[in-house]
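As a starting point, one isolated chain is supplied in structure tokens, in the form predicted on its own.
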């Protein structure tokens, strides 16, 4: 006598990993400046691109980047997505906006939250500023910035986001 069984096509298997991260010189200096409430990138001596977070070398030229450049708290939305799916153990409840932000003076974007605006009003080119947590909460992490919120400034044209002024 054969008994037909339902085929198993998937299962949930949550994994939790503990790991250590060795930052390296460029990232260590970047994280130390975050602890001081500053956004600092590194400039390529050849093409003048500014990387934040810094990598220690220029992705375009391959030369070491050692000159530190302090950036402002202002940035431009380069791209974004509205997140509707909850992430386990994430205190942020959807829907919320995650954006690739190009800090003023930088040529590499980084991810961060956008808030203090209706999700439907977020757009590419929108000017935003960092809202930092209270200083006593600062650590060596980008989470020192709670989120970015819109500025009362005109949008930046898409073809100018992250471009050198004289290029």
Partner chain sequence: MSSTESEVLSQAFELGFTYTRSTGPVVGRFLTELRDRKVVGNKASDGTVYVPPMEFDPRTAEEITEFVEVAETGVVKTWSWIAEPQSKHLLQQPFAFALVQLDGSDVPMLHMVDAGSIDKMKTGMKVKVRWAETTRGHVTDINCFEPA
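No experiment lies behind these values; they were computed from the predicted model shown. C-alpha atoms forming the largest set that superposes within 1.5 Å between two forms make up the rigid core. Positions refer to the first chain, counted from 1.
Omitted from view is the form predicted in complex with its partner chain, to which the following refers.
Report yes if any heavy atom of residue 36 sits within 4.5 Å of a heavy atom of its partner chain in the model of the complex; otherwise report no.
Flag for residue 36 set to yes.
Residue 32 versus its partner chain, in the model of the complex: is there a non-hydrogen atom within 4.5 Å?
Yes - in the model of the complex, heavy atoms of residue 32 and its partner chain come within 4.5 Å of each other.
Would you check, heavy atoms only and a 4.5 Å threshold, whether residue 10 touches its partner chain in the model of the complex?
The answer is yes: residue 10 has a heavy atom within 4.5 Å of its partner chain.
Answer with yes or no whether residue 57 is in contact with its partner chain in the model of the complex, where contact means some heavy atom within 4.5 Å.
No, residue 57 sits far enough from its partner chain in the model of the complex that none of its heavy atoms falls within 4.5 Å.
Work out which of the listed stretches, 113-121, 95-103, 130-138, 23-31, brings a heavy atom within 4.5 angstroms of its partner chain in the model of the complex.
Answer to the contact question: 23-31.
Taking the rigid core as the reference frame, is the Cα of residue 158 displaced by 2 Å or more between the shown form and the other one?
No, the C-alpha position differs by under 2 Å between the shown form and the other one.
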